[in-house]
Structure formats: C-alpha cells, structure tokens
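Taking the form predicted on its own, here's one chain by itself in structure tokens.
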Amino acid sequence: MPSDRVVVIGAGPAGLEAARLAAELGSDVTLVEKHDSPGGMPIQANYAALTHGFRPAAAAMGEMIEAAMGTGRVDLRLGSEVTAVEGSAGDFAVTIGSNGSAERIDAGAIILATGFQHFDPGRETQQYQYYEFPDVITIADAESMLSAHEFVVPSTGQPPKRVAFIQCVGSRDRQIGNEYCSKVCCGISSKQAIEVRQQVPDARVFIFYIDMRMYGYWENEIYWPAQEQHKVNYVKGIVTEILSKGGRLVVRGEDTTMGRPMEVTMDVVVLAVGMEPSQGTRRMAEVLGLPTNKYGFVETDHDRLDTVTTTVPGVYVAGAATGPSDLDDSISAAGAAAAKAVAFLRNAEVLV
C-alpha cells in the first residue's frame, strides 16, 4: 500500500509553505530541518525586514511556522538530516539521522526545499578585501546589524558617515563561473540603504551598480523611494579595488556614466553577494539522484514549463534549490510542489 506521507526537506520559507499546504490537503508531513530552529535563511542569518512592506522577518517567519504546525499533521524534526533514500515513488524509505541515531520512515512523495547560501566574496578573489578589512561586510552581515538596530563601523563601533553598497559580487561574473543574475540583490541593497538612512540619518549612502535590476514591484516600492525620500545615491560604475587609508576605506573604480576614474572614501562597504546552491541542496541532489545544472541548482522539467517536478518520479523541488528566488517565488513554488505531491499520492491510491 503506497504511503500517503510527504517528507519535506528544509524548513525555510519554501519548506514551511509546502508542509502547511500538503497537510491542509490531507497528507501527513515529516518536515526535516538540519538546524535547531525552523525558518531558514531569514532566521539563521537574522534578517531585519522583508522587502515587501518592510515587515520584520522574525515576525513573518513566526507566522509561517505557526501556520504549518497549527495543521496538526506536520511532524517537525529539528537538528536532523536525510541521509539516505531508497525505493521509488509512492514507496520511499527515507532515513533521517539525528544526534548519532537514525530512523527510517515510509513516504509516498518528497519535496526538496534546501535553499541557497550566500556567495563567499573571499573565495575566488580578494579584490574587495572582505577577509582583510573589518569594515568591508556583506549584505548578510548588514542584515544582522540592521536587525539589532546597531548599524555601525565594525572597527570602531561608531555610526558611519559614508556607506557604499557594491552590486553583483559573485553574480554575473564569468571569471568565477556565476554568469547568472541572483535576482534579489539590487532590491535588498536598496532596502538596506533605506534602513541605514533611517537608523543613521546623517550617513550618506551610495550604491555602485552595473545595472539596477528591480524585480517585480520593487521599482516603485523600493528603488524610487530610496532616491526620492531617503536620498540614496545611485552611481553607475565598476569598483576595481578597495584600499585602507587613514583608518577609512578607499573605493577605486570607474564611473561608467561619466567615463572617468573614480576614487571615494567610505566608512563601511557592503558587498551585495549573490546566491549559490546550499551545501544541503548539493548533498540532497546526490542522495536523491537529481540532475543539477552547471551552477549546482536542481534541474526541473522546463521543457514542459514545470518549475517544481524533477526527473525522479515522486520528488518535487521548491524555492532557491532550483535557482535564485525571492520569497514570492519560493512561496508560489512551494504551493505548486505541495499540490503536485498530494495529487500524485491521491492518484497512486486510486491505481492500487
């Protein structure tokens, strides 16, 4: 008899939504999360506010967690990982490891929602001196500071007077093999620039960009308000190096609009790092036998315009495990994955 249980791997936004909907559609769900708390990157990286509506990330994720657990059909396994999967669609045997012990459970379908990791700006090049200068940080570092309402110069603990954001760090870069756009970095940098201006009103904030790619409604929600209401300065240019001089940072590059060299002094430089597949995504792709593209993201059936069905029957995928995604993308894909997984199980029951 096929199992009607769905195993969801990853309890971030996509995993929580997939678990909630699958449960509400009548399936029992085992939700497996390797960390000791659910919520995914918004919680693990201590995000401040979400792009839409500037809602506190912790509150928004708390609502998602409550909604999933409130169904009464979601078995949440924290500090756990899927270590092996045997069998086939409708009759999977999933091994879950936790604290040195292992348990096998039966599942009819699996949804992979293992997300992304931020690009490491020092992995390939020290052009931006991320590991050398404490006042060069990433947007993930900035989120944590903004969440605590302590956006300061890390080396001094003092409020900054000049802050620069540098776009496309680890994205749209053929030299390191990440030719793709990470989709959300422009919007997140603009959101953070607004937050910096709100928390440190005297600071001047600059965003150095190749192209501003405002996704969806961010043009009017974030981009124009950043300039018109919060006086954020957007500079079309390429940053080639960052130096330290007199206790401050010197940003060198080219102002491509004016066609001339550029050298400006900053107190804090924020690197807008892009998305890469998480280690969990790469590992689970191997465990499940899922093909990945050349960047390491899980492939879906794009030829049929299906964004959540994998090549392995009974296995679905949602969120940034398939490529750069914002929260709206992730939630939509999670709903589709849950619907397809439950529909597959219902059809399997009819055929028995």
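Just count from 1 along the sequence shown to find any residue number. Just so we're clear, the structure is a prediction, and the values are computed from it rather than from any experiment.
FYI, the form predicted in complex with another copy of the chain isn't displayed, but the following is about it.
Although the partner is absent here, residue 64 lies within 4.5 Å of another copy of the chain in the model of the complex, judged by heavy atoms. At a distance threshold of 4.5 angstroms between non-hydrogen atoms, residue 216 is in contact with another copy of the chain in the model of the complex. The closest non-hydrogen atom of residue 313 lies beyond 4.5 Å of another copy of the chain in the model of the complex. Looking at residue 181, you'd find a heavy atom of it within 4.5 angstroms of another copy of the chain in the model of the complex. Taking a 4.5 Å heavy atom cutoff to another copy of the chain in the model of the complex, the contact residue among 212, 85, 152, 105 is 212. None of 91-99, 137-145, 264-272, 181-189 except one has non-hydrogen atoms within 4.5 angstroms of another copy of the chain in the model of the complex; the exception is 181-189.
Remark: none of the three candidate residues (131, 161 and 244) comes within 4.5 Å of another copy of the chain in the model of the complex, counting heavy atoms only. Residues 50, 52, 53, 55 are the members of 39-55 with a non-hydrogen atom no more than 4.5 angstroms from another copy of the chain in the model of the complex.
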